[in-house]
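For reference, the chain that follows is the form predicted on its own, supplied as structure tokens.
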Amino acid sequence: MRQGIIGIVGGMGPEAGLSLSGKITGSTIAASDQDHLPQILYSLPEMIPDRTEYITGNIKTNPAGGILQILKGMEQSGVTIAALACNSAHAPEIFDVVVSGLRQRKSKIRLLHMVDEVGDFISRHYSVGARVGVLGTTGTYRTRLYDRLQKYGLTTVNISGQEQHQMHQAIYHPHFGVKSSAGIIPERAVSIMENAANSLIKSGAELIVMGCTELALIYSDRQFQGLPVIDSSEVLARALINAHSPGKLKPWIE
């Protein structure tokens, strides 16, 4: 394992980490077990406070602390390339603290940035200047995290504040949200997501980004109403493979 091990910081939520791990396996060219890439998934939910709760000021503990502890353990286990299985964890007030902490301890882990990978992916596979509709948590919405796509020549389109409240419920609601669904996605969550996606299309979106790693658990198709749907988790999985072993990455098929 000269390239080291791929590391996934999971637990944000747990199914999102498992999904990212599976997408790495699914996008790897392999004819046998031994052809697959080495990876470690750390899913320790109790170590990482909720990212949106921190971003919105409802809790004071920065999730960056727990993420840094997990990355330290990963590096000791041989991880050289890592990623966070959560979009909201890439908000500057969290991600920048993680990067600073890695730098301070002279970590050699290469930590990928999910939104940058999405921007690079869209600019390579779709038209530069595209209007990108974004769905995600309220944390991602409040920080305008995906405005980062502008440096890739892309424009973002967002839903209204009221629609965002509903979108957040589709993820977090204790009865019908994806975080509490245990693999069974309630129709209400699907309906909320589809209504939000339709709203983005009416606002001029030319493609839609699932800007929460758990949204792909609600809707996994690569198109919606004829427009491309970009799963940020799948993009990150492909970026991890490409960073570790480029020759192992399966071609992209829309």
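Start at 1 with the first residue shown and count on from there. Everything numeric in this text was worked out from a predicted model, so none of it was measured.
Below, we turn to the form predicted in complex with another copy of the chain, even though it does not appear here.
Although the partner is absent here, Leu41 lies within 4.5 Å of another copy of the chain in the predicted complex, judged by heavy atoms.
Under a 4.5 angstroms non-hydrogen atom cutoff, another copy of the chain in the predicted complex lacks Arg188 among its neighbouring residues. Another copy of the chain is not shown here, but in the predicted complex it comes within 4.5 Å of a heavy atom of Ile5. Using a 4.5 angstroms limit between non-hydrogen atoms, Glu46 touches another copy of the chain in the predicted complex.
Contact with another copy of the chain in the predicted complex, defined as a heavy atom within 4.5 Å, is made by all three of Asp50, Ser77 and Lys250.
Contact annotation: of the candidates Ala197, Leu207, Leu217, Leu37, the single residue with a non-hydrogen atom within 4.5 angstroms of another copy of the chain in the predicted complex is Leu37. Taking another copy of the chain as positioned in the predicted complex, none of the residues of 118 to 133 brings a heavy atom within 4.5 Å of it.
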